[in-house]
Ligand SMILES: Cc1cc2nc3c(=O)[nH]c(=O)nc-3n(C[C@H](O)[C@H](O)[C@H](O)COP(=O)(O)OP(=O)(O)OC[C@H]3O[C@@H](n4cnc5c(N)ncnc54)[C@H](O)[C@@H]3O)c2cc1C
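Just the one chain here, the form predicted on its own, laid out as structure tokens.
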Amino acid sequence: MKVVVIGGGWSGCASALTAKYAGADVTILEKTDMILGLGNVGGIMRNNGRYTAAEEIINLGAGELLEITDKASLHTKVNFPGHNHASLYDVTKVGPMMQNLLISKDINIMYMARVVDVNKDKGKIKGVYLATGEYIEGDIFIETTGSTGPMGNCLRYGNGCSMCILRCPSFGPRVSISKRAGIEDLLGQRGDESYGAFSGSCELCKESLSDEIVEKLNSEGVVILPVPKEDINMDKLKVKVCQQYALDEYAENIILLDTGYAKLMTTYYPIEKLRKVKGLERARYVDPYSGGKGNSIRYLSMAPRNNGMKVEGLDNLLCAGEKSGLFVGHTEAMATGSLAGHNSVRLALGIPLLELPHNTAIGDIISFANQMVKTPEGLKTRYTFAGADYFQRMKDLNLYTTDNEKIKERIERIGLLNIYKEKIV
């Protein structure tokens, strides 16, 4: 049984891992020369409800993903505005660590393998075509290509190509596989009903910051600097992907987190204004390179799916990560990806797909986001364990906890402890 994962971000890697655990022969097709995609510039884990979700992933059986981010953490139990007990991983380390894990599991990774089209017979995908012309066959396909559109989308809905980690000019634009197979994409909206949203943070080169700021970042993990009053721009909060960081404090302050780089928690910030702040006089962006002007645009291509992560209207395509809904973050990508990978083998064998119950945070967010995306307001909302509306829902439903034993008991009680580790075929 061959499972083909299209896209090597966190959700793709999680899918590959659990499909392999379940007994499949797995190949990842990644369009660039590195896995993890935006995970190479992310770095925030275990903040707020993500702690609960991370422990659920571990107890469901995909704990090796969290072992990597925990091991690569530069700081743990960090608090910053609106967020508690965060871990900040070193973005320069996780990619090679993840690659080594996948290789050790005998998972085939094909780099610079951009999928541009599909071969479909009725409702079933038989194979996919790469930009090179090569044809890859499979039994089950999992699309984890994210929702960032091609370069044209960043120009149309944003401020142009921001030269981000996805590097479309070098490796080619992302292609929506589900749309190629005849399924119309869902598009996320902003509050004013325009489409898409800006990625929520930028990375600054630490060497370009003052010694005082670097020392504080290295020791505490977070630095907060007030924005000059004349430069405070509340409107920027409306356009960012990460609604959990769309708080007034993020417009009134420059918030830096240590993820190997200095992670600047804003969509973009004009460099001439940034350099007015003490300690940032030489500040320079390393991702995106055009962080003074813009950032990448996301949420322009989600697939309709069921709660087992299968794409509606196709017999053998599943999806995960942002492709499966308006999810924000690496934990959310791992949570949806690990379920999609496990279900890929079930789907191939014709047995019912696993749907995680509502009394788990992961099961609830997957079904809640699926329900909400069918409404006009739901398309303007983001779904993350880390904040905004969904974290409040977690608290209202008593799903949020940092008690590891309680989370393990929850998973054990519903009979799903280490379900992803079970070999099905």
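A residue's number is simply how far along the shown sequence it sits, counting from 1. As the structure is a computational prediction, the values presented were derived from the model and not from experiment.
Heads up, the form predicted together with this ligand isn't pictured, but that's what we're talking about next.
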> Site superposed, this ligand placed from its pose in the model of the complex: open or blocked, blocked meaning at least 3 ligand atoms within 2.4 Å of a backbone or C-beta atom?
Replying inline: open
>> Is it true that 50, 113 and 321, all three, sit within 4.5 Å of this ligand in the model of the complex, judged by heavy atoms?
In response: yes
> Just one of 283, 328, 255, 345 has a heavy atom within 4.5 angstroms of this ligand in the model of the complex, so which one?
Replying inline: 328
> Should residue 303 be classed as touching this ligand in the model of the complex when contacts are defined as heavy atoms within 4.5 Å?
Replying inline: no
> With the partner left out of view, is residue 178 within 4.5 angstroms of this ligand in the model of the complex by any non-hydrogen atom?
Replying inline: no
> residue 66 near this ligand in the model of the complex, any heavy atom under 4.5 Å?
Replying inline: no
> Could you tell me if residue 32 has a non-hydrogen atom within 4.5 Å of this ligand in the model of the complex?
Replying inline: yes
>> Based on heavy atom distances of 4.5 Å or less, which listed stretch (56-64, 23-31, 358-366, 394-402) is in contact with this ligand in the model of the complex?
In response: 23-31
> Going by heavy atoms, what in 39-53 lies within 4.5 angstroms of this ligand in the model of the complex?
Replying inline: 39, 41, 42, 43, 44, 50
